[in-house]
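Given as structure tokens, the chain that follows is alone and in the form predicted alone.
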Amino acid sequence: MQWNKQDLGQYFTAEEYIDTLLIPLMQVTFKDQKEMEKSAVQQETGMIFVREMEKQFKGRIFLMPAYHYLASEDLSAEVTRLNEWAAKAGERSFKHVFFFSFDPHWKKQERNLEGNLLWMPAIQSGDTQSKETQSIIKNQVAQLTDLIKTYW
């Protein structure tokens, strides 16, 4: 389920079965053209990832809108905010909170998060529609969905 009116209506009728929240973490930078383009490709690819994961577990996972943050090695303020999100999610039916990111800086903060980090190295291809990229995404989504199952 996703953060839209139709899915929210379904969520409220089956809330007790939807126990997992997925929050995509998307880095934004204004450093230069190359870094901005890299950030945009990662966001595009990341959203493909999380939408595919949501499809795999439709009716069990709720996909939040992307959480955007500025590029930085010090993510402590973001950790605080994300933990607030996780706490609020716990007030609903969500027993499991997963954060998805390509940003390796989150690995250093993983133990401080009130949820589980799903980190993947970013795909370097800028063409998300190519067969090669689609194959890589499909393979990695399968790995992530297997990992999510181990937490249930």
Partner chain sequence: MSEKRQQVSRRQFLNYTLTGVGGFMAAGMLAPMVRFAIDPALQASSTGEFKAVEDVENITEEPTRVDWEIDQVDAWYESTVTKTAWVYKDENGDIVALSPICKHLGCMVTWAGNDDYPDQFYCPCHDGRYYKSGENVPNTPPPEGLDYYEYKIEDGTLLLGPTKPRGEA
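Numbering follows the first chain given and starts at 1. For clarity, every value in this text was computed on a predicted model and none was experimentally measured.
Note that the form predicted together with the partner chain isn't included here; everything after this is about it.
Contact annotation for W119: none of its heavy atoms lies within 4.5 Å of the partner chain in the predicted complex. At the 4.5 Å threshold, heavy atoms of K58 reach the partner chain in the predicted complex.
Remark: W152 counts among the residues lining the partner chain in the predicted complex, judged by a heavy atom distance of 4.5 Å or less. Although the partner is absent here, M1 sits close enough that one of its heavy atoms falls within 4.5 Å of the partner chain in the predicted complex. Checked against the partner chain in the predicted complex, the candidates A89, I48, I123, M26 yield a single residue with a heavy atom inside 4.5 Å, and that residue is I48. Annotated contacts: E44, E52 and Q129 all touch the partner chain in the predicted complex [non-hydrogen atom within 4.5 angstroms].
Stretch 58 to 66 is the contacting one of 27 to 35, 58 to 66, 105 to 113, 91 to 99, since its residues have non-hydrogen atoms within 4.5 Å of the partner chain in the predicted complex.
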